[in-house]
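Have a look below at one chain only, the form predicted alone, in structure tokens format.
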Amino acid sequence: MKRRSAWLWAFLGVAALLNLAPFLYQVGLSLAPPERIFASPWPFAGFTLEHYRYVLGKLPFGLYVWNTLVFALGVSLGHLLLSLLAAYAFVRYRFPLQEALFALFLVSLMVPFVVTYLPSYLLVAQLGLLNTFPGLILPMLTAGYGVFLLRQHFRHFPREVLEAALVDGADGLALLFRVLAPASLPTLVALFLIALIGAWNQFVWPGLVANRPEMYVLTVAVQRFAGGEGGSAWGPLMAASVLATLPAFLLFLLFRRTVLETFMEGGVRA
């Protein structure tokens, strides 16, 4: 049994290392002296922060972080609120075509957001919302996964607690925001983080809708830097990529247990 467990740990360790290797290599290149980057496949003999100083001096990173933060928070909070209200309605009330409507939410899970880029872009352009935060955020407020996850969670909530709250006079939104939501806080936090990290790493949609420099998010700013003056400056380009990736990476590390438990809960209760 111990031997089997050791093999399992070894396999998982190798798999984790293979997944992390590109990011670790990127971090290493961002800290390597310029003359070492192409000197060998292992250019880590030396340490410098020169590339980070160059990037932070050339690019308005504070503005890009602010744009990304507003975009990611808008998407994640909107996604969470819509999911919460829709899931509660599906669990608490009975109405015509309920199952058909829920099936439509599930179908939306099968439609990747990328295939809606063109109609969403045209709609945003018609509304005059290009290069604005509402234009960035509103088309991304699809909540199929969140509705599915929270509906499954609410369905298994202890009925006795709900009945006691009803006896105390809590109903409608009071039941949702005073009983269900506080008791489901870990699941809501995990759903919020999943949406936040997904929005933080978005590239194509922000690149389409927000193409003015003052509206760049971090991913778009790094791509524009790579296509311009950073195209031949590999060290600064690696440093810019690390700075763009690091917040989402740290968020996941901090809350990984909550996020993974919620994923497992959604899979088990599906």
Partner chain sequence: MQPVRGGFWVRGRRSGLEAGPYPYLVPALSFLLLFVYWPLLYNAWLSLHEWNLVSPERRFVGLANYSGLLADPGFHRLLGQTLLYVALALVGNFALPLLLALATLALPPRWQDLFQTLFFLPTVAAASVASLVWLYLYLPAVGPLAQLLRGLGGGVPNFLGDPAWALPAVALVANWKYLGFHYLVALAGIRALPRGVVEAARVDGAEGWPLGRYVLLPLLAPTLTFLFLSAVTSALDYAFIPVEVMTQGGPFGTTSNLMYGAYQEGFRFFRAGVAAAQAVLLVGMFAVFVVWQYRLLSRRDGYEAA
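Just so we're on the same page, rigid core means the largest C-alpha set that superposes within 1.5 Å between forms. Residue numbers count along the first chain shown, from 1. Just so it is clear, the structure is predicted and the values come from calculations on it, not from any experiment.
What follows is about the form predicted in complex with its partner chain, which we do not show.
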Discussion item. Checking a candidate spot here: are Leu63, Val189 and Phe255 all in contact with its partner chain in the model of the complex (at least one heavy atom each within 4.5 Å)?
Written reply: no
Discussion item. I'd like to know if Ser40 sits close to its partner chain in the model of the complex, meaning any non-hydrogen atom pair within 4.5 angstroms.
Written reply: yes
Worksheet item: Taking heavy atoms and a 4.5 Å cut-off, does Leu185 contact its partner chain in the model of the complex?
Response: no
Practice prompt. Evaluate Thr142 for contact with its partner chain in the model of the complex, applying a 4.5 angstroms cut-off between non-hydrogen atoms, and reply yes or no.
Written response: yes
Worksheet item: Just to confirm, Thr132 within 4.5 Å of its partner chain in the model of the complex by heavy atoms?
Response: no
Worksheet, complete the sentence: Near its partner chain in the model of the complex, with a heavy atom at 4.5 Å or closer, the residues from 110 to 147 are Met110, Val111, Pro112, Phe113, Val114, Val115, Thr116, Tyr117, Leu118, Pro119, Ser120, Tyr121, Leu122, Leu123, Leu138, Pro139, Leu141, Thr142
Discussion item. If I superpose the two forms on their rigid core, does the C-alpha of Leu253 end up displaced by 2 Å or more between the shown form and the other one?
Written reply: no
Practice prompt. Align both forms on the core first, then report whether Pro22 has a C-alpha shift of 2 Å or more between the shown form and the other one.
Written response: no
